[in-house]
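What follows is a single chain, given as structure tokens, in the form predicted alone.
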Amino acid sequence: MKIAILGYGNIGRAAEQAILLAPDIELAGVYHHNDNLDTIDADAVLLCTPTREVESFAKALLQKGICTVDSFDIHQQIYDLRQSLKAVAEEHKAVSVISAGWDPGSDSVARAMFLSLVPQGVTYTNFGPGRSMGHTVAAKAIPGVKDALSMTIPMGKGVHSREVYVVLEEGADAKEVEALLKADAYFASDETKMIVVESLDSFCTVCHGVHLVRDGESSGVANQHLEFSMRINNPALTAQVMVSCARAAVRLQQKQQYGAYTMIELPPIALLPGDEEQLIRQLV
């Protein structure tokens, strides 16, 4: 299958490497935000763009019958995006896989599995400490910000704080920038501390991670405790998830199962290269 990349930042570069290493995928090209989308010839496109640009790019490509995969990460808006892209994808016989990163994305699958195993209980998702790609992009877009880095600090039981290191534009008012930052949807629900610095050279990091915990009852029996954790290179894992989901999107399109999907709606086997019978024998 032929997969193209739109956007060539940290995730786009990692996606290029993931495609080149995939045994069943051909790189159909790398495109920038201002390129003419009509020149794209691919089965699917990875939208390695800022989250707030995903919907418009996805609709334009879906209207051409090209499948799309994105890593949209504003949790409160995911269902609305799914419904918006679902209508376009169905009309033009394409497939869109949305929010295909590690959270939302692969962590969403883990949370769904935890819920199936322990139906009564509570799940805590603890991120970091590490660099949040989506929050960093959002911080950089704040007027008066020259450069930024957003770090997620886990406080326990699913509560997080944000430390945002900011290089200000010349003449920018720090208090005004901080007010805009804290009002942004990415930061409004968490305790956020803005730290003004002269340079981000000593803050270069792409490490992140998650620790999922679920406590509750199974079959009426208490004291069930489930855990899942990982420490990862953020853009590399996000890109790998997107490439796997592109594989699933093309397969769904081939089966005429058009529409928009989140990762919890995808059959896991569709994410993997290789023969289905061999994969079942190997993994079950």
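Every value quoted in this text rests on a predicted model; they were computed, and no experiment measured them. Residue indices: 1-based, along the sequence shown.
What comes next is about the form predicted together with another copy of the chain, which does not appear here.
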Just to be sure I understand the contacts: of 27, 40, 60, 226, which is the one whose heavy atoms reach within 4.5 angstroms of another copy of the chain in the predicted bound form?
226
Residue (of 75, 193, 92, 146) lying close to another copy of the chain in the predicted bound form, criterion heavy atoms within 4.5 Å
75
So if I measure heavy atom distances to another copy of the chain in the predicted bound form, which of the stretches 157 to 165, 135 to 143, 197 to 205, 107 to 115 falls within 4.5 Å?
107 to 115
Kindly confirm or deny that 33, 169 and 188 each have some heavy atom within 4.5 angstroms of another copy of the chain in the predicted bound form.
no
Please determine whether residue 51 contacts another copy of the chain in the predicted bound form, using a 4.5 Å cut-off between heavy atoms.
no
Residue contact check: residue 9 to another copy of the chain in the predicted bound form, 4.5 Å heavy atom
no
Examine residue 268 and determine whether its closest non-hydrogen atom to another copy of the chain in the predicted bound form is within 4.5 angstroms.
yes
Just checking whether residue 237 would be counted as a contact of another copy of the chain in the predicted bound form - the rule being heavy atoms within 4.5 angstroms.
yes
Pick out the residues of 231 to 264 whose heavy atoms come within 4.5 Å of another copy of the chain in the predicted bound form.
231, 232, 233, 236, 237, 239, 240, 241, 244, 257, 262, 263, 264
